[in-house]
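Read the single chain below, which is given as structure tokens and is the form predicted alone.
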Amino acid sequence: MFSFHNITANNGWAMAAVGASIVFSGLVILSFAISQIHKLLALWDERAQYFGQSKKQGLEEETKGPGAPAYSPPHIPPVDELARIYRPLAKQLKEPFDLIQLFEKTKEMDIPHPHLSIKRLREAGYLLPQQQDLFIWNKQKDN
């Protein structure tokens, strides 16, 4: 029943060859498709060029949308003006003070953008680090 004679009589060799060739050709097509996927992605990125609208136009429509307000960065005054605002707050605190205390004072006074303002004061040298997480106001910068 399972001899080579029965395989030959019932076209078993041909079926095996056709099955192997179907599997092999499927693998070849799959590997070719994977090797060309970068071209498909490039085509997708430039689809606006092929459909008649500019890429810039498409991006503006996606980001803005109907009636969406445009982004405007927060207005932060110059460092000298920030120093005039924050100097009295820092004098109210016992030196050396923690920046969290200064931040809480700014929240009580409803001063906008305290994180950015304190960062700019540190970078400009108005707030000097003393110990770990403790700062003092630079009195030499006041003059």
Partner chain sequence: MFDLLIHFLQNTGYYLADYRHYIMLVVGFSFLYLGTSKNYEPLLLVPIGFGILVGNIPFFKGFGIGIYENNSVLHYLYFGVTTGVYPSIVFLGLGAMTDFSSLLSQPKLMLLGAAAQMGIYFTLLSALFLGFLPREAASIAIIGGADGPTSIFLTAKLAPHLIGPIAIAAYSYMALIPVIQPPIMRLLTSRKERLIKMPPSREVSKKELIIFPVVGVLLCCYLAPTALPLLGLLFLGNFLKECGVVDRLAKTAQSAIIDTATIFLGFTVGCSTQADVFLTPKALGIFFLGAVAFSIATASGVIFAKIMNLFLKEKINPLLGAAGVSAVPGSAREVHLMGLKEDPTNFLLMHGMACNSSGVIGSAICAGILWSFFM
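Numbering follows the first chain given and starts at 1. Each form is matched to the other, and the largest set of C-alpha atoms that superpose within 1.5 Å is called the rigid core. This is a predicted model, so every value here is computed, not measured.
Although not depicted, the form predicted in complex with its partner chain is the subject of the following passage.
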> Just to confirm, G12 within 4.5 Å of its partner chain in the predicted bound form by heavy atoms?
Replying inline: yes
> Does its partner chain get within 4.5 angstroms of any non-hydrogen atom of H38 in the predicted bound form?
Replying inline: yes
> Do I29 and its partner chain come within 4.5 Å of each other in the predicted bound form, heavy atoms counted?
Replying inline: yes
>> Is it the case that A16, even though its partner is missing from this view, gets within 4.5 Å of its partner chain in the predicted bound form, heavy atoms only?
In response: yes
>> Only one of 77-85, 91-99, 113-121, 39-47 has heavy atoms within 4.5 Å of its partner chain in the predicted bound form; I'd like to know which.
In response: 39-47
> Who in 91-123 is close to its partner chain in the predicted bound form, meaning a heavy atom within 4.5 Å?
Replying inline: none
> By the 2 angstroms cut-off, has the C-alpha of N11 moved between this form and the one not shown once the rigid core is superposed?
Replying inline: yes
>> After core superposition, I'd like to know whether Q131 moves between this form and the one not shown (criterion: C-alpha shift of 2 angstroms or more).
In response: no
